[in-house]
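Just so you know, structure 1 and structure 2 below are the same protein chain in two forms, each on its own as structure tokens.
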Structure 1
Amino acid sequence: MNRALMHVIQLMVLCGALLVSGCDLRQRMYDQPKYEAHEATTFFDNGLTSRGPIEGTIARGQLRLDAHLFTGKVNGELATVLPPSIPFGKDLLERGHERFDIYCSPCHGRTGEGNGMIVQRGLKQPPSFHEARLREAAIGHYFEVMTNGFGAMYSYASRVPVEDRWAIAAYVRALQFSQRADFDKLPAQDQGQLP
């Protein structure tokens, strides 16, 4: 037998030994002494192995004391204003504009008309934000739709953080206002620029 063949055989024997020992270790870990859920034990006073959570325990990320912020509702009704923890201003609208362009414009278009790129490619057209029924909808409606989805739109709760959903809702309101603003409500400098 040549030397190279001898080394290959030794390597194969070594690999086989490692695999067999690994399988044995896994089996021993599986068969180790342990209590199964809801099995009786003498270790705890109540005789159960399963321990209930400590009273008042909240799962990480699940503390949602502000219903207005996390559900878009106040006393069970859709919110008509932003939550107090979301300050309205230029920064909020800029953030909403940025997030809207990323998440919403592919379907709704950059102006909210419902003519985004996916519509141009043949998918179902969403309603325009400038329809009367959506102009009159509470701001909480937009937050709730982003959170839970509606019709063909799926939920964005796992993709867009809560604060960004409120920023997008505020920006949608700004888009709606931009198309239907009363001339009298415009600042004097803007009134002078319009014919």
Structure 2
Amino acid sequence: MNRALMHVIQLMVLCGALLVSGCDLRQRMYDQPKYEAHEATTFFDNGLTSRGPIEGTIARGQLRLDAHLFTGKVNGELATVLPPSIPFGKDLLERGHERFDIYCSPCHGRTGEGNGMIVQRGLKQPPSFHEARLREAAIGHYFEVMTNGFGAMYSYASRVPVEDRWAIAAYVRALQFSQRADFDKLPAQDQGQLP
């Protein structure tokens, strides 16, 4: 009988050990020896797992030769038209509308008057897009400001891709136009809406 009891105890210890090792294995599967996005590392000095490109190198497909598209300038002058690779149309304006509301409206306001919520809470007020100076500014100016920042405004180059920056610039133009539209050119339906 004592031997039988010993066997039972041995079996129980074995089962217990298996269960505990299961927890450990489970934990190791949950957190595998690989890095997730933004996970910290001790391997590199700065603690980042992601490596930036080596200075002076360009990744395949990221050579930016098209000055008009990537800098908003043609021969050093601010571009007055969209780059040829950005086709103008309703899609572009709708995309610009959406991106403007996400990234620009917090300060510039949804109508571009410069009275966004962040401004109401104390940020320096940006100029209205409806001033004569900005109405007359080249479209490349808006792209250039979004890309490099201007005054208190930070660069949005790392947050808004190139195509979206052009879409926003086009939408700013549409906003400006919306405030100074010719009454006679409005569709009859819209004319009826005005007092």
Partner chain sequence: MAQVFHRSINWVAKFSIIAILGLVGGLFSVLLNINRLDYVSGVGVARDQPVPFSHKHHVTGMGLDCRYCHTSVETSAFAGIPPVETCMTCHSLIWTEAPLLEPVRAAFRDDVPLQWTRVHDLPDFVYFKHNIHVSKGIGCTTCHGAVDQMPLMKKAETLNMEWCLSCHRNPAQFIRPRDRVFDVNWTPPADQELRGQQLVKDYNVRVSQLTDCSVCHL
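Please read these numbers as outputs of a predicted model, since none were measured by experiment. Sequence positions of structure 1, starting at 1, serve as the residue numbers. Rigid core (definition): largest C-alpha set, two forms, superposition within 1.5 Å.
Just verifying the output here: the form predicted alone should be either structure 1 or structure 2. Which one is it? Looking at both copies of the chain, structure 1 is the one that matches the description.
Core-aligned C-alpha movement of Leu186 between structures 1 and 2 reaching 2 Å: Yes, because once the rigid core is superposed, the C-alpha of Leu186 moves 2 Å or more between structures 1 and 2.
Superposed on the rigid core, does the Cα of Ile9 end up 2 angstroms or more away between structures 1 and 2? Result for Ile9: yes, a 2 Å-plus shift.
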